Structures are given as C-alpha cells and as structure tokens.
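What follows is a single chain, given as structure tokens, in the form predicted on its own.
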C-alpha cells in the first residue's frame, strides 16, 4: 500500500492547477495520475489560440497554456504517473491503480481530488437512424486525428451540434482544405461561445442551421450523404423540410458529459442537471476528503475558469489534511430559479468562506436586456443587468461572505428577470 497526502486523478488543466495549488498550501506528498501518455489533457490537441486571456492576460494556444502548468509542476517536484488507469476509488480514500511499469497498486490518500474532465456524447447517445458507415465521429476525435496524429478525416463535411469543439473544427477543416457544408443545431440557439460562431463560421461563410437536426445517414462502406430536417418547438422533425447534403464525413458536437464512473464507485452523490458531483464551497463532494473540480463537476466554457476552480479545490484539499476545514451542519443551499439550469457550488458552509463565494451558473435560454436577481431566502440582495446571456456562456456571481455571517440564511436562489417584467 502506497501512502500519499493527496492523489489527483487527471493530469489535464484541472488536475495540474489543483496539484500545484495544494503544494503551495503545504501538502507535501502529492501524486497526479493520468491515463494518457502526456500531461495536459485535452489542451494538447487544442492548437488554436484564445486560452489564458484571464489567467495570464495574453493569448495562448492550448499546448502553450498546458506547458506553463506542466513546467511549474515539474519545478515543484510533484510526482506524476502517466499511462496509468485508476480502476476504483472507495469512500475510505483508497485507490486501485494499474499500469505497465508498476503493475497493480493500492494507494491510500488523506485526500483525493477528482479532475477526470468530460467526454463527448456519441452517435449512440442521440440515436440517429441509418446504417453505420465509416466517417461518423465526434468532433474531438477529428481534432485529435488532425492536430496530433496528422490524418485528414474527410473532404466534404457536415457537423451536427454547435458546441465549441464543433465550431472550432469547422474552421480547422476549412483551413486544411475541406468543404464544410453546414453546421446543424437542434436548439433555436447555439451551444457555443459567440466569439466562436463569429470567428469559425461567419468568417468562413459556413451556414449555421438553427432548429435543424440530422434524421438519416446514408452510405454503406462510408458516409455518402446525410439528411437534415427542420424541427418544431418540441424538437420533432417537420415533414417536407428535408435537405440532403452529399458528404463523406459527419462530425458530432452534441454535448459533453462529466466523466464520473469513479465518483459513483466512491459513493459520491451526483447532481441531476450537470451529471457531476454535488460540491460545497470548498469543492468538497458528499464524501468527506474527496474534492472535485473542472469539467468533471460541470462543463466549463473557458479553461481559465477551470483553473480558478481547481486552485480552490487544491487549496482546500491541503487545508483538509491540515484539519483547517470545519465540518458544519448549518448549510445554505443554492437554488436555480426561473431561467437558471444549475448553480455550482450546490451547498455553502459559511464557517469555511473567505472574502466571497463565487457562484457559477448557466441560463436556460437566450436573454437580451435581462437581469440576474439573487435572493437570500426571499430577500433580494443583488441585481445584475445583462445585455446578453446564452446557455453556451457561463455566468459568474460573487456574493460577499459577510452576508452569511450577518443573518441566518437557508438558501440562496438566482432567477432571470426579462426586460419589462
């Protein structure tokens, strides 16, 4: 049995930031475990720029952003194991781990930080009819093939879903000489960042078909064409609106799912909307001493916010092993109200708060000239006017911790109030 102060599961941006911050806050014996052959996670295949604007105040590519944290991790002599799979975690903070160098290992941790990230929804998850020819893949798979393996995935491409990876791949494929026929999106709004719609679609005259979906894939050996149909308000295809696009590739960018098989094995309670662990103000899950951060908790739009959240998890994991985190039965629940799909953290213990508590959330629809209204129980404590809000862009609110110490509060709720209401 190997013993560590903190075991970080995942060597992407969340795991790297958490491990470094834990070390800075007094945790000595740390190991980062990742199943890939290199640190950095998904950032290594994201060769486009736009990373680091908030953290470093400059524009970096994914590998450049990752490199800064990898270098710092190595300078601090934090141990890491690559090509290593965590098979199981239990509530006593014991991990079963396997790789080709050490074989099968049992590890006992004083605290664990879960930073496994998320995975893409597949064709099976959205049940598109048709045969199953070559040429149907997720946008992330195509990104890996082109940017890291050096393989071109197709010449005439249709993309289903307007998630950020799909939008970025529309531009990437165009730059490599492919013809992107269209991007079809089931919802009446894009699920990606506005800047990606502008820079990746509009700048290259690629059509974005809102309220459309793929209803059939044709082809025997390889994709030969796809049929796209308009959908009604119930997201059902409208007969007579079908358009057939001749293509050899269909990319799927239809959402991300937090990677939480290990969280389930540890008995951690998961939130219904996000699919990630229920966490408190310290990023601690419902199992004491197991923390979670990044896309494993909820899918972020910017890696900078992943880093900020993960630093909090790392710092509090170090505080936990030093017994500086105070357990408390007095909790404040965060409640997503009208127009809000979820809020993280889900629970706040005021005894552990620093200057502010940061609430992260997503709205359910596109809103213009609306406001976010924050209530403590039924009393309005904050109103923020917003020119534009969309589900693809995460909202962040800061609540001063003094509020929780001044009065007894049972819940904090956030609602969207539309213009004129």
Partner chain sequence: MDTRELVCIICPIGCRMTVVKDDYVSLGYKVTGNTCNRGEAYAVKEMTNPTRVIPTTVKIKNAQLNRLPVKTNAPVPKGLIFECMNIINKVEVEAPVRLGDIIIENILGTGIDVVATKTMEKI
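Computed from a predicted model, the values in this text were never measured in an experiment. Numbering follows the first chain given and starts at 1.
The following text describes the form predicted in complex with the partner chain, which does not appear among the structures shown.
With the partner removed from view, the residue among 149, 221, 232, 92 that has a non-hydrogen atom within 4.5 Å of the partner chain in the predicted complex turns out to be 149.
In summary, among the residues 341, 225, 265, 194, the only one with a non-hydrogen atom within 4.5 Å of the partner chain in the predicted complex is 194. Using a 4.5 angstroms limit between non-hydrogen atoms, residue 176 touches the partner chain in the predicted complex. Contact check for residue 44: a heavy atom falls within 4.5 Å of the partner chain in the predicted complex. For the chain shown alone, residue 364 is not a contact residue for the partner chain in the predicted complex, no non-hydrogen atom being within 4.5 angstroms. The partner chain is not shown here, but in the predicted complex it comes within 4.5 Å of a heavy atom of residue 54. Although the partner is absent from the chain shown here, none of 349, 354 and 379 has a heavy atom within 4.5 Å of the partner chain in the predicted complex.
The stretch from 369-377, 23-31, 354-362, 36-44 that comes within 4.5 Å of the partner chain in the predicted complex, counting heavy atoms only, is 36-44.
Residues of 390-412 placing a heavy atom within 4.5 Å of the partner chain in the predicted complex: 393 alone.
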